[in-house]
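Just the one chain here, the form predicted alone, laid out as structure tokens.
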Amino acid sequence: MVHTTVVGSYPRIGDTPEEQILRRGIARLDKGEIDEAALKSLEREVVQAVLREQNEAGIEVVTDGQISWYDSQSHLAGKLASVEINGLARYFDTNTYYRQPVVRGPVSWKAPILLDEWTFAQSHSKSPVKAVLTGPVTLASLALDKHYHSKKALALDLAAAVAEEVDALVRAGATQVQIDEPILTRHPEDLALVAETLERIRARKGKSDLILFTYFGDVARILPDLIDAPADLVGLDLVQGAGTWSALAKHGSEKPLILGLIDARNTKEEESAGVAKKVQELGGSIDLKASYLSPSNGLEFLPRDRARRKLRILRTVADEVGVAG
């Protein structure tokens, strides 16, 4: 049977009173009624619920839903040396915003950033928890660089910092580490730089699987070189990047892939049999037994109840593909 996983983020808030504890907690923090420690406790309640929903849906490799992340940029970059966090900027073409990192000097890793979050999540999950980090080139591209004045120089120092974080996670037991580089769907010419940064990260991955994930668009034009990047698996958005389907059929892949085929930005539900058929058509081009099915990107763009339904659809598609394990 083909494997299943998720990409990273998950909706923090739902429609039921139980699913709104974090919203109420943030409001109480703003009023001074609770402190940061109390809010963290509420976040961890939500993390446990999110893990439970993924486990109950039958997802084989899960994430903590990035519940404590304000956004994909500042959560990681803001804890590195010489980085400050500025005002809001729009995140790609989504209706969400990120707090822009401002680089004031040489960037370096100071201490573990995600380790405590990952360790907590893994202790409350029946399935392996994948560690997810924003990639150095995406971080460099979306930051305001006041020091290096060179995306490559900044990205390479960020890669060294990310590599230190990966080392800490792997030493704690993480068996899968995902590096997100959505910038490649906007700037495919950055692939060589992404590969160079991944080489630095790969040196610290130990026995864990290193994953490169792209989303928010098409990578058909660079697909063969993308698959050759120094990662153990490559993840693809096959919804916004629908053109990548034909490139996959043409070029194939000897490397296991993560096929992002459930739309994470649209509440419309997929017809599982049709999606499964498209996956089965790739059977001669890629190793489905070693590959994974996933949403196209993080599920945070969906209502909580619809995210749960999308996970069940994903599991059904995997079952219908029917690849022997």
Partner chain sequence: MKALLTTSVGSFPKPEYLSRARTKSSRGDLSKEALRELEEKATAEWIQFQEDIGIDILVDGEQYRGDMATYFAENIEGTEISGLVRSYGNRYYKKPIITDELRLRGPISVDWFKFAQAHTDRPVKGMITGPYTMMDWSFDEYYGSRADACLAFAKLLHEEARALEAAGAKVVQVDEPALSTRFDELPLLVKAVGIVTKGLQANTVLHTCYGNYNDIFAYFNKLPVDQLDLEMSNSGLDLLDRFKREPLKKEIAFGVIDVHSHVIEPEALIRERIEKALTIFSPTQLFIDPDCGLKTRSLEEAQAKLRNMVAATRAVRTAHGWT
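Numbering follows the first chain given and starts at 1. Nothing here was measured: the structure is a model prediction, and the numbers come from that model.
The next section is about a form of this same protein that is not shown, the form predicted together with its partner chain.
K.L.:
Examine Thr267 and determine whether its closest non-hydrogen atom to its partner chain in the model of the complex is within 4.5 angstroms.
P.N.:
Heavy-atom contact with its partner chain at 4.5 Å: present for Thr267.
K.L.:
Closest heavy atom of Asn95 to its partner chain in the model of the complex, within 4.5 Å or not?
P.N.:
Output for Asn95 is yes: heavy atoms within 4.5 Å of its partner chain.
K.L.:
Might Ile34 be said to contact its partner chain in the model of the complex, defining contact as any heavy atom within 4.5 Å?
P.N.:
Taking the distances in the model of the complex, the answer for Ile34 is no, it never comes within 4.5 Å of its partner chain.
K.L.:
Do Arg312 and its partner chain come within 4.5 Å of each other in the model of the complex, heavy atoms counted?
P.N.:
Although its partner chain is absent here, Arg312 would stay clear of it in the model of the complex, with no heavy atoms inside 4.5 Å.
K.L.:
Please identify the residue among Arg90, Arg171, His251, Lys126 with any heavy atom within 4.5 Å of its partner chain in the model of the complex.
P.N.:
The option sitting close enough to the partner is Arg90.
K.L.:
Of 271-279, 51-59, 254-262, 296-304, which is the one stretch near its partner chain in the model of the complex, taking non-hydrogen atoms within 4.5 angstroms as near?
P.N.:
Stretch with heavy atoms near the partner: 296-304.
K.L.:
What are the residues of 207-233, in order along the chain, with a heavy atom within 4.5 Å of its partner chain in the model of the complex?
P.N.:
Residues within 4.5 Å: none in this stretch.
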